[in-house]
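First, one chain by itself: the form predicted alone, in structure tokens.
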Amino acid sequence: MTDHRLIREFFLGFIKIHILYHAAQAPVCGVDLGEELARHGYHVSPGTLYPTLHALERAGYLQRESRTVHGRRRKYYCATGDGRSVLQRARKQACELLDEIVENDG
């Protein structure tokens, strides 16, 4: 596996956690998530973002609802109980990993 592909896999994992985080705060739509992710340096194409949202929904971590906003139908996603649960586990593991990485850095 090339370094580029490995880094991409890491960031896709971070993106999934980021999506779950925001969906646990309030229902979010893909457009808003794309903008939020870009604000954090993740430039995710719709061809990556929407399949990721659909996969998280199929896995039972997100629930989708349709809303009409300014005359357009938008799909909003919110975290399910399982999504919140996996987010909590991911937070714990991410903190443990970050502590180890930072501890050995200095």
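Only the largest set of C-alpha atoms that superpose within 1.5 Å between the two forms is called the rigid core. Only a predicted model underlies this, so the values are computations on that prediction, with no experimental measurement involved. Residue numbers run from 1 along the displayed sequence.
There is another form of this protein, the form predicted together with another copy of the chain, and it is not shown here; the text below is about that form.
Another copy of the chain is not drawn, but in the predicted bound form it has no heavy atom within 4.5 Å of Y77. Using a 4.5 Å cutoff between non-hydrogen atoms, A23 does not count as a contact of another copy of the chain in the predicted bound form. In the predicted bound form, E36 approaches another copy of the chain with a heavy atom inside 4.5 Å. Another copy of the chain is not shown here, and in the predicted bound form it never comes within 4.5 Å of any heavy atom of R67. Contacts to another copy of the chain in the predicted bound form (heavy atom within 4.5 Å) from stretch 12-32: G13, F14, K16, I17, H18, L20, Y21, H22, Q25. If you fit the rigid core between this form and the one not shown, you'll see the Cα of F10 move by 2 angstroms or more.
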